[in-house]
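Just one chain is shown here, as structure tokens, and it is the form predicted alone.
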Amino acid sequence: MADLAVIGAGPAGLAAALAAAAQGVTVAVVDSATEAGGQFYRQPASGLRARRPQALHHQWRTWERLRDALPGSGVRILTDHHVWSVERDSDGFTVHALLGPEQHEPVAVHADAVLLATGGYERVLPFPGWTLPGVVTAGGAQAMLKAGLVVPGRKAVVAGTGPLLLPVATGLAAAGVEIAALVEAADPKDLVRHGRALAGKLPEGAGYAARLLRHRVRLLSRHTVVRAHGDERLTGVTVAALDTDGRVRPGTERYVPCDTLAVGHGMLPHTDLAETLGCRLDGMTVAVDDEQRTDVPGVWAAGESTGIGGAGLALAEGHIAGRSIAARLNGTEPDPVQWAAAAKSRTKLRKSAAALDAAYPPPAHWSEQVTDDTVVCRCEEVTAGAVRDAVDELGAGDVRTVKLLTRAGMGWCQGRMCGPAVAGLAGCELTPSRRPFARPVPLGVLARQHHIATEEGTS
């Protein structure tokens, strides 16, 4: 039992946990990873004995401050806890999780309040050949490097759109991978248009630019990957220039040999747990007030779940949430003066995040390059042609109907990978997928939960 259960041990979750614990709140932080840090501060396995893990990270000193503050804070870090549901009950909340890599043993954490710091996941857009071995997401390539100290190949193309491509390209290059090209769909002019809001990001961007020059990385802006080639595995990609409308310019295709393609088109918030709790969403994000409270009493949210904005914004939101939670659990009215600096930072960083989101949209007409035989849903092996037939021939007008007609999104990932692609191919707006559970759960665990609930109800 804890006063506060924090779900997610990334920047937002740890900042909130430390802020709340400093005010006398007992805190349990639940995370699926084997070490705290989240995606941003992902740690290499201790058995690898990494000598200089800081070389793989940005803002390492911030992580050191968080890490060093934990032992004396009283915060309990529960790693290898894969949360699948959060229930409201008469005594507060019950966080249901599965333990360890096998995820068969259930465990429950009870708390008076919950902070959702569940982070985000990558937006994946398909193209011909994207299922070949050697094609990975940009975040996946970075995770391999940070957690496993391994690289996905010897010669890589980093492609897509968004600021994540920069640390991925420079990180791989520093690890000895030859970067054949950095293929960015965005137009540099769009960054200039948002220059005022992004002024605080200039030093960081300049640092990445210097490293790209040092490693002689070729930048292809306003370009996209239209096809990945290979039989048993990736051997190269075709890239092409984009016009001002986001369409491929005929005659600009070129072949780039490589054995690895790290591709990403931005991030989307994890909102599964918020949805099952009944929290209001604002589009694809969890809606919160100035204290990071959701509209469900006792539930706060911070970090990428409330909008993709990076580690700095997550830290600010987490601190504000932690102070607010502590005050309300202690029976006092929160004083915004106590987090004025964090609120100021939050306002500034939210503007930067909005500017980055506007400057790095996915190519507007990406679906035109997806051939009918391209697999869209890997779990159920549903092709783009099947999705188009569901819309054109069978009258599907939303993602849910496409799912019922084609099984796209019914597999292990429950549409997290293919959802944006299915929506784009169907011409539908991407909306949150309402799922009863945040991850697959063994039937035996569900049966046991039902048995316990039935016993309690008849006792």
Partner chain sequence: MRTPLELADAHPGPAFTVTLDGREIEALPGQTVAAALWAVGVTSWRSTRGEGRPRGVFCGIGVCFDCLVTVNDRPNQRACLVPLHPGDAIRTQEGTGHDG
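Small disclaimer: the values here were computed from a predicted structure and weren't measured. Residue numbers count along the first chain shown, from 1.
What comes next is about the form predicted in complex with the partner chain, which is not displayed.
Annotation: in the predicted bound form, residues T401, L405 and P436 none come within 4.5 Å of the partner chain through any heavy atom.
Although the partner is absent from this view, P440 contacts the partner chain in the predicted bound form, with a non-hydrogen atom inside 4.5 angstroms. Interface membership of T294, defined by any non-hydrogen atom within 4.5 Å of the partner chain in the predicted bound form, is ruled out. Within 4.5 Å of any heavy atom of the partner chain in the predicted bound form lies no heavy atom of T332.
The partner chain in the predicted bound form is approached by T137, whose closest heavy atom lies within 4.5 angstroms of it.
Only one of 62 to 70, 386 to 394, 22 to 30, 413 to 421 lies within 4.5 Å of the partner chain in the predicted bound form by heavy atoms, and it is 413 to 421.
Listed residues I77, A241, A343, L149 were compared with the partner chain in the predicted bound form; L149 is the one with a heavy atom within 4.5 Å. Residue-level contacts in the predicted bound form: of R249, H104, K189, R254, one residue has a heavy atom within 4.5 Å of the partner chain, and it is H104. Residues of 32 to 49 placing a heavy atom within 4.5 Å of the partner chain in the predicted bound form, in sequence order: Q39, R42, A45, G47, L48, R49.
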